[in-house]
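Before any questions on how it binds or moves, here is one chain, the form predicted alone, in structure tokens.
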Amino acid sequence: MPGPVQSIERAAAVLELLSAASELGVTELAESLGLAKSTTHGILRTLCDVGLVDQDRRTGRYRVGRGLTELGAASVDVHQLRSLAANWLDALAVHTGEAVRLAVALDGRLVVVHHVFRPDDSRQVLEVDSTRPPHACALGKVLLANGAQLATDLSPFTRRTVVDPAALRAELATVRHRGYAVEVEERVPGEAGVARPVRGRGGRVIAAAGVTGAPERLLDRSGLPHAKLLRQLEDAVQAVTRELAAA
């Protein structure tokens, strides 16, 4: 039996991203899917030609076209995702010595679907099925940056919480460009977080996986994640992505 056609998978991923946002530019789409801008532009041009995507002539940005009047929201099988990700994220917690979480966008909320305790004797509370404010955590920033529609009122939780819409949009653009998000005491004083996207078929981001812990353990003096931590997190999410592709 022939395998999946990559170009069709990529086109479907573009449509799913556009269905979750009012408009997106070619650079935003390319960075969200991990594709070259030329490849993304070619996909968009073809989708425009067949009426599935429209381009705003004034801004150059793209949106779901009139020819696709109703694009069903892509669902995520949370149970399968948790089952395929558990071993890799459990190992990530052991290797980093920090707590690890996996989150998805569900009914407009950021929901934690897997939580691995920090491997020490400290008192911790299981957060599976709990929600988090997307603008104030690395997990949420990853999902917001990649087209997820999440309710957020930009309420402050600490003095570091990003509450200005323009500042948040700028940060989300940075997240798309570099492929990971960071939080530093934006939700909880004394806590930092680093998260990366988990991709499904066609490159669409379906979840975010992240590590949380004390800022001095996760970040260097410039406020960026330690290189080793980023590699460990990247290895884990790539492993989960491969599991999803093979499922």
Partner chain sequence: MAGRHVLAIDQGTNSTRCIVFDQAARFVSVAQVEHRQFHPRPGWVEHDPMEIWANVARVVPQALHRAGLSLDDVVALGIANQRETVVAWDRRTGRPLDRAIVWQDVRTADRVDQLAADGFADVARRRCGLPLASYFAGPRMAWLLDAHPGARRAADRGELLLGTMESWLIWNLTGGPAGGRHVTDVTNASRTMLMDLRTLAWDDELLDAVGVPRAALPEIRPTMEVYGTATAVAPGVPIAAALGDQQAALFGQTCFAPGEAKCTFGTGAFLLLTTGTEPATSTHGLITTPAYQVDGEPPVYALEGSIAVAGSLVQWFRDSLGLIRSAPEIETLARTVEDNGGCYIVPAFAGLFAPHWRSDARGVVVGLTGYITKGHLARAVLEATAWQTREVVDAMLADSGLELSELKVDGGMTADHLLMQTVADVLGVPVARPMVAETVSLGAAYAAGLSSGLWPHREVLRRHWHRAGEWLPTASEQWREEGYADWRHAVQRSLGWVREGRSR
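Residue numbers count along the first chain shown, from 1. Remember, it's a predicted structure, so these values are computed and weren't measured experimentally.
Keep in mind that the form predicted in complex with its partner chain is not shown, yet the notes after this line are about it.
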In contact with its partner chain in the predicted bound form (heavy atoms, 4.5 Å), from 90-98, 135-143, 150-158, 165-173, is stretch 90-98
Quiz item: Can R82 be called a contact residue for its partner chain in the predicted bound form at 4.5 Å between heavy atoms?
Solution: yes
* Can any non-hydrogen atom of D107 be found within 4.5 angstroms of its partner chain in the predicted bound form? -> no
inquiry  = Is it the case that V116, even though its partner is missing from this view, gets within 4.5 Å of its partner chain in the predicted bound form, heavy atoms only?
reply    = yes
